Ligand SMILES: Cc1cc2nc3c(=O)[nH]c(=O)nc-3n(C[C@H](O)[C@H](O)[C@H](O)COP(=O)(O)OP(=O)(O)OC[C@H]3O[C@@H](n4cnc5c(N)ncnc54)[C@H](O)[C@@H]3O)c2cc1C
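Given next, in structure tokens, is a single chain: the form predicted on its own.
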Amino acid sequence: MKVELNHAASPADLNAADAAIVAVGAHDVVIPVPGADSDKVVSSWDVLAGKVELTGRVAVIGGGLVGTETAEYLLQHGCEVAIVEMLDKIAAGESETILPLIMSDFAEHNVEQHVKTRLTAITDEGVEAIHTTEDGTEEPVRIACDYVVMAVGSKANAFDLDGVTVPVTCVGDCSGERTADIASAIRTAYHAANEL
């Protein structure tokens, strides 16, 4: 197998093969609300990769698997954490064997869980959101914090296929399936390889 690094694949490169498998990944999403461009807003991917170090009180926006993992990471590094999630449950996709451990850890560390709550703005003081009650009433919520971590999902990276004539299969985070999920990445790559 030939590996070429520091080389952008051109249509000619791809057309020289019988087929192409594209695995260009994804990037994290930021909710477009007032204040989203603030210096206090960071990516969950950057937090988990150790690119940024946070202290104090942190609001994690998104309580899915990545948001939950980020909250646990922040707890281990001494932060106080609040999670803001639009759905009615934190870590909805987590297995029933792991979820009780996560919830126990969150209870022990007094993690605030704001479910059915939608972010509306980021301010110098923290975040502003809207909580939907059981009867459908919307109530404003303000959460004081030093930092805001976006963990609201990811979007497939674009890859220009103009001029490519061979069959192309996108795998992993750029496949259009669920992103930021290793099982999905492996599954899509496995299927693509088997179809060659």
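Since the model is a prediction, treat every value here as computed from it, not as a measurement. Note that residue numbering follows the sequence shown and begins at 1.
There is another form of the same protein, the form predicted together with this ligand; it is not shown, and what comes next is about it.
Heavy atoms within 4.5 Å of this ligand in the predicted bound form are found in exactly one of 132-140, 53-61, 24-32, 161-169, that being 24-32. Residue Leu48 is the only one of Val152, Ala156, Leu48, Val41 with a heavy atom lying within 4.5 Å of this ligand in the predicted bound form. Put simply, Ala8 is close to this ligand in the predicted bound form: some heavy atom of it is within 4.5 Å. Of the heavy atoms in Cys145, none are within 4.5 Å of this ligand in the predicted bound form. Remark: Ala185 counts among the residues lining this ligand in the predicted bound form, judged by a heavy atom distance of 4.5 Å or less. Shown alone here, Val66 lies within 4.5 Å of this ligand in the predicted bound form, counting heavy atoms only.
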